[in-house]
Every structure is written in C-alpha cells, then in structure tokens.
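Quick setup: one chain, the form predicted alone, written in structure tokens, and binding and motion questions come after.
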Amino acid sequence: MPPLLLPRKVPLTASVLGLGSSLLLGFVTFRANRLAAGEAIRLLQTGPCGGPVLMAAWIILATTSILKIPERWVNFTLGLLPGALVPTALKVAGGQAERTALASGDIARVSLGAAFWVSLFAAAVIMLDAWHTGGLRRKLTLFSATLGIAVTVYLMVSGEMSHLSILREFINRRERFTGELMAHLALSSSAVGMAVLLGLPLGILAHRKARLRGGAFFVLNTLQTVPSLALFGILIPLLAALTSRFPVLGEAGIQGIGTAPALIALTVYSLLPVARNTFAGFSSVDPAAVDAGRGMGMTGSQLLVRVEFPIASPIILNGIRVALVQAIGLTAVAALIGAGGFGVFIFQGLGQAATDLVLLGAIPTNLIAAAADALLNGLIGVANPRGLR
C-alpha cells in the first residue's frame, strides 16, 4: 500500500456512503400536494450554495479518512465536521422547501428524501466511531454534537424549516402532539414502573428459591413470545367481560380498549428483562462478600440493602434499560387499541399514505428511546460500585 494512504475503515465507509447517496439519491422530494406522487430532487439541484457545501464536506471526510495525515487534523476533521452536517443539511432542505412554497403555493409539499436520511445515518456512524476512539476526538465530537443540536433547535424555533412537510404536519397538530407525547411517556414509564415493582421481588425470589426459578421464567419467557397485537386482542374481551361483570371497574376507568389493556400488556413484556436481570445481578454477587457481611453481624435485610443490591444494581439497571426502550417502542403499537401515544400519528399516516405524518410519530418515538437508553447507561456507570469499576 502506498505510504500516503492510511485507510480508517469506519469513517471511510460512512463517508463514501454519504457522498454516494448525495450524488445518486434524491435529497428532498417535491409533491404538488400532500398525497401526490413525489419527484426526487438531488442535492446539487437544491441551490448554488448548500448542495456544493455538503458535497465538499463529504469529500473532505472521505479524503481525511483515507490519507496518512497528522492525527491532530484527523481528530479535528472527524470530530467536528459530522456534527455540522446535520443542521447544514436541514438548512439546505428548509431553503428548498421555502423556495418551492413561493413558486408552487402552500399546497405543495417538500419532504426529506432518501439521501438526507442516508447522510444522517452516515454522519451518526462517524460520530459514534469518534466517540469510541476517545481522547481529543471524543471531546470534539461532544462539542460538535451539542452545537449541532442547538443550531437544529434554533432552525426549528425560528421558522426557517417551517415549509418542510414534516414541520407543517407538526404545526397542524401542535396541541395534539403535546397530548400524545404525555400519553406516550406516561404509558411506557408506568408499565416499566409496575414491572420494576413486580420484577425485582420476583427476581430476588428466583435467586433465593431454586424451585420457583424454573416455573417463573418459563411463564415469563412464554408471555414474551406472544405477539403484541395478539396479546392486545386477548386482553380486550377479557377486560370487557370483567367490566361487564363488575361495573365498578368501568367506573374506575378500566375498559376493554384504551389504556388498561395496553398497560397490562406493556407491563407483561417488561417483566422478563427486569426479573431476569435481577436474578442475574444477585447471582453475580461473590459469596465471599455475603459471608464477610454475615461475619460483621449483618442481618438478612442489611445484607440485601448494603451488600447484594449495590453489587447487583448495574445489572438490574441494565434490565430496566432494556424494558424501558422496549416499552417505548411497543407503546406506539398500543395506539391501535385506543391507548394514545405517537402511534396515533403513525397509523393515521399509514392510512392516509402520508409519509411525513408517519415520521411525525416515528421520529420522536426513536428519539425518546435513544434518550432513555443514554440516560440509563449513564446511571449504570454511576451505580457501579467503585471497587468493581
């Protein structure tokens, strides 16, 4: 290999992917109206400034990823440039949407195209690789990502992207969006909270009582294999029969459709990761640590609180993390039975063949799941006892 070349596989592959998609795929899609067939507009067709700037950024990233240059410049380029791509791409797309609205009227729609989403994915891959590289590159990536988020929020609040179809869908449903956001968060967090209340003692009992272990995890594993729609379908007639037999349940707000069956189903799905990780966490405790606690005169409850639980807590939190991310995603499906949440927009969009309405529900769901995952991962790092780090 020539000495001038030093390929860095991950950023190079992502840069080539971003560059290729920008050249070959549509960056935005123009529609004469909300439901009309779309016409792809490539990046270099979006205007004299934004398109070439983004293309140049991808070329710089690809060149930096393959050439043998000082590591300091590599760190600055791969650490700073990907975070700037996202707000720049949104600015370009928003400008194209505004020009389209002026030329074709407010009924016309401009949606984000395949090249935008592929470029977003490629930039995220480079940023993740830079984060795992550590050192100066990680610090620059954190700074760039924070600044990019701030600029993106400013672009949205200032109205510079208000002509994009997905933002117009949001503006038309702003009040309902807030309500569905609250419903989505309340339902998913309540289900995981109930799973923690039930799963923690169940996991501890499974650790203490070997005879209980097999039956409990067999039932939980079996319930986990039931498709969500099938479980919703089973719960609807059961709850309807119960409310018919006991009217007091209906007066309490429990019905065959709506929040009640969704909450029960989501709790059932969240139980397995919480209980299994609780069992695994307590099983990972070194018996010597327990014996040392007994030797110091600790009671069973003191051993549980002061020795076993602190050591097991990172594994337990990891189970809660899995349950929460899973519940956030499944809550979108619960909209089919009237439970609310962002699934309302997803299924409305599917029924109307309105892609941007689908994205209005899908994107926030994914962002909330990613935020929950990051938050719980941070808590896991804090909860890990110093002596075990």
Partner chain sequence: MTDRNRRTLIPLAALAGLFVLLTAWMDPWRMVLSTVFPTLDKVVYPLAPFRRLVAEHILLVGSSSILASTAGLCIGIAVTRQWGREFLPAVNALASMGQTFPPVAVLALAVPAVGFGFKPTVIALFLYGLLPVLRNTIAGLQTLDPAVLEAASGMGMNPLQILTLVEIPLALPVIMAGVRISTVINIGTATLGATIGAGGLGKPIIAGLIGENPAYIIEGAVLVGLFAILVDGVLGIVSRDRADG
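Computed from a prediction, not measured in an experiment: that's the story for all the values here. Numbering follows the first chain given and starts at 1.
The same protein also exists as the form predicted together with its partner chain; that form is not shown, yet it is the one meant from here on.
Contact annotation for the candidate site: 264, 318 and 320 all lie away from its partner chain in the predicted complex (no heavy atom within 4.5 Å). Its partner chain is not drawn, but in the predicted complex it has a heavy atom within 4.5 Å of residue 234. Not displayed here, its partner chain is kept clear of residue 344 by more than 4.5 Å at the level of heavy atoms in the predicted complex.
When contacts are judged by a 4.5 Å heavy atom cut-off, residue 353 counts as touching its partner chain in the predicted complex. By the criterion of a heavy atom within 4.5 Å, residue 325 is counted among the residues contacting its partner chain in the predicted complex.
Checking 325 to 333, 66 to 74, 38 to 46, 51 to 59 against its partner chain in the predicted complex, the stretch whose residues place heavy atoms within 4.5 Å of it is 325 to 333. This chain lacks the partner; the member of 369, 376, 25, 16 within 4.5 angstroms of its partner chain in the predicted complex by a non-hydrogen atom is 369.
Between its partner chain and the residues 212, 229, 147, 182, the one pair within 4.5 Å by heavy atoms in the predicted complex involves 229.
If you take 194 to 215 and check each residue for a heavy atom within 4.5 Å of its partner chain in the predicted complex, you get nothing at all.
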